[in-house]
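A lone chain, given as structure tokens: the form predicted on its own.
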């Protein structure tokens, strides 16, 4: 069975028909509710918060954010962004409580710095791994998204993104882009090795603690099973401090990586990258 992100871009796939079918499916509603509650558990918000719902669709997750009782730290205020106008139209018809924005997360997260206490995303960010044209790279889309998300969260803020990677390469690509943006990143897998496996990317923004909660990923996932903590920020900082000779292979690879982060398409590297041509007569 083909994955929807392999067939059409999300704004075309989720047309009026698909958006209505998605929203009215009791199976999808139950799965969405379960994953949203799990994301909130990982966020561990002690009080009502302002949350960004990334890929909010028709507002299924947003309804849960609005209905969390005070005893569990809610209800939360939320802002949703999605690329599908059809999905957002259904959200408006359902009279959801959150504010809605039509936007492509692959072009960034267009909010002021420190706007949100937390962010949640259910089944959305794997779409960023598919570039719709040769003019745009998936790595560039991921970079713009995570850079924008990092800036939009308060210091000590958190984000939980549930996603379905196609393979280990996509999993590494997504977590690597989050780490490069500055996040502390951990991947939690529920029901590993089964067809019901669910992956959650748990992200933290370093800085002062918020309401007594630590801003580091190790505090968020402490004591949890099946958690792999990935935090290569120190490695990247040390790498950046090394002096690289201009024109060397390391310098060229660094420039290529910089261009990819800006969304530009660059030639593949090979064993010949950075080699000097021999002088011929």
Partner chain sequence: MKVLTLNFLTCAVKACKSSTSSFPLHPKECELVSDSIVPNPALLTNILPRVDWSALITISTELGFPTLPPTAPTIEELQSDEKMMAELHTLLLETQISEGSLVCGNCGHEYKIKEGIANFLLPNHLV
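Keep in mind it's a predicted model, so treat the numbers as computed, not measured. Residue numbers count along the first chain shown, from 1. Heads up, when I say rigid core I mean the largest set of C-alphas that superpose within 1.5 Å between the two forms.
From this point on, the text means the form predicted in complex with its partner chain, which you will not see here.
Heavy atoms within 4.5 Å of its partner chain in the predicted complex are found in one stretch of 185-193, 94-102, 123-131, 169-177, which is 94-102. The contact residue chosen from 47, 34, 44, 248 relative to its partner chain in the predicted complex is 47, the criterion being a non-hydrogen atom within 4.5 angstroms. Contact check for residue 75: a heavy atom falls within 4.5 Å of its partner chain in the predicted complex. Contact annotation for residue 79: at least one heavy atom lies within 4.5 Å of its partner chain in the predicted complex. Residue contact check for residue 111: one or more of its heavy atoms lie within 4.5 Å of its partner chain in the predicted complex. Contact annotation for residue 199: none of its heavy atoms lies within 4.5 Å of its partner chain in the predicted complex. Taking 2 Å as the criterion, residue 25 does not count as shifted between the shown form and the other one: its C-alpha moves by less than this amount when the rigid core is aligned. Put simply, residue 269 and residue 167 spread apart in the predicted complex: their C-alpha atoms are 3 Å or more farther than in the form shown.
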